[in-house]
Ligand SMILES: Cc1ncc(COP(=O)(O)O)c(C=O)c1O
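So this first bit is one chain, no partners, the form predicted on its own, shown in structure tokens.
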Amino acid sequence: MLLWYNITLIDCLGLYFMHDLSKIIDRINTNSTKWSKYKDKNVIPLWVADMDFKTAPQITQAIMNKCEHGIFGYSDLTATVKPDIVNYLHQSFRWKINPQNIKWLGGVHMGLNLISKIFVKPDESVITFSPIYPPFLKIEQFTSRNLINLPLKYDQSNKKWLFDFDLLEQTLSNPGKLKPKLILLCNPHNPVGRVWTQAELNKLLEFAIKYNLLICSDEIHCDLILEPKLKHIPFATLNDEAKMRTITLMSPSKTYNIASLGCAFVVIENAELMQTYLNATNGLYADLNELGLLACKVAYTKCEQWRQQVIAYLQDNKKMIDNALNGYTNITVHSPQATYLSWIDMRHLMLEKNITNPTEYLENYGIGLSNGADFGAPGFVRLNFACAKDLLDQALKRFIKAIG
């Protein structure tokens, strides 16, 4: 008889758990944040960053086995999940850590706020680079810490978004009253989709050393690299100096579409920083939901074949968008190196058609995208292409009608 945590024979075969990502799954009336926004409207939702693919069947099976067991008492599952994360980090990124370096979080959002509040004093400041995932820009609102928002720059010749290191030097060398203490990094970057190179990360580390800064690196999209020649580099792995300055936030939620299970973690290798973190957080929040921990365990140990299938599908979807939209002169599509999110510049179209809000304009044509203003970049929109090809094709036809 199988216990709840056992993996079935079919699960071991792996291939039988592969499924058709092209199938359109009905998410109406499922409490989906993504789809409820446009309920009863003829709008295709391609906004918030969750996928329209079912999660890896191995994860579903493990949760079903646990539910069939029917007892949800206190659990010590964390004792077995942490070694799995250690193995995953080593196998994926050659990053060797100790299980004691890992602490659980309910989500990366929580981590951004906790780290900013714990390690930055009220008279100090946090630096980040926009456009950026909206929770980065809400640090002041949720932590009462000062935020310095430095824009990325776009290199037209190489078609890449880059750090503006000259602006960073100017900011750090003339800090005024609010001394910078922490850099909030998004690696890979959401929404521009950059996979930061080792040279870029090393340059950022030079600034951290020179001005005695900590780095909090959100690496939630690290398993969603779409360009085969590129590799994710955890900031903490650059060298020992980086390891001692870095607090890393991770979660399987984006890659395996399990955001509602609320499982994320922080990695802190500096013992002093870890003790500061523990002093501030001990007893403040409960252990994670066991189903979230179980999903994390299975994701990092049993689902690589499924992940590779998803990557291949996303690569094809990205090509669909590029082929459909790159010929238009009134928009610019910034094709991502990672994530499943296209970043689209609508500013020329807005001038051409006298549009004030590109998101509302596109909704009138039946497409629901994220508004770039929420990321610190008015005039842009973000398109989530983690969906069935037929659905994406419908959305692109509507998009073309809107910009034509």
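Values in this document were obtained by computation on a predicted structure and should not be read as measured data. The first residue of the sequence shown is number 1, and the count goes up from there.
In what follows, reference is made to the form predicted together with the named molecule, a form of this protein that is not presented.
Proximity to the named molecule in the predicted bound form, taken as a non-hydrogen atom within 4.5 angstroms, holds for one residue of Ala324, Val108, Ile225, Leu77, which is Val108. Shown without its partner, this chain lists Thr248, Thr255, Ser125, Asn190 as candidates; in the predicted bound form, only Asn190 has a non-hydrogen atom within 4.5 angstroms of the named molecule. Stretch-level contact check against the named molecule in the predicted bound form with heavy atoms at 4.5 Å: of 84 to 92, 284 to 292, 115 to 123, 216 to 224, the positive one is 216 to 224. Contact check for Leu46, Met320 and Phe385: none of the three has a heavy atom within 4.5 Å of the named molecule in the predicted bound form. When contacts are judged by a 4.5 Å heavy atom cut-off, Tyr133 counts as touching the named molecule in the predicted bound form. Contact annotation for Cys186: at least one heavy atom lies within 4.5 Å of the named molecule in the predicted bound form.
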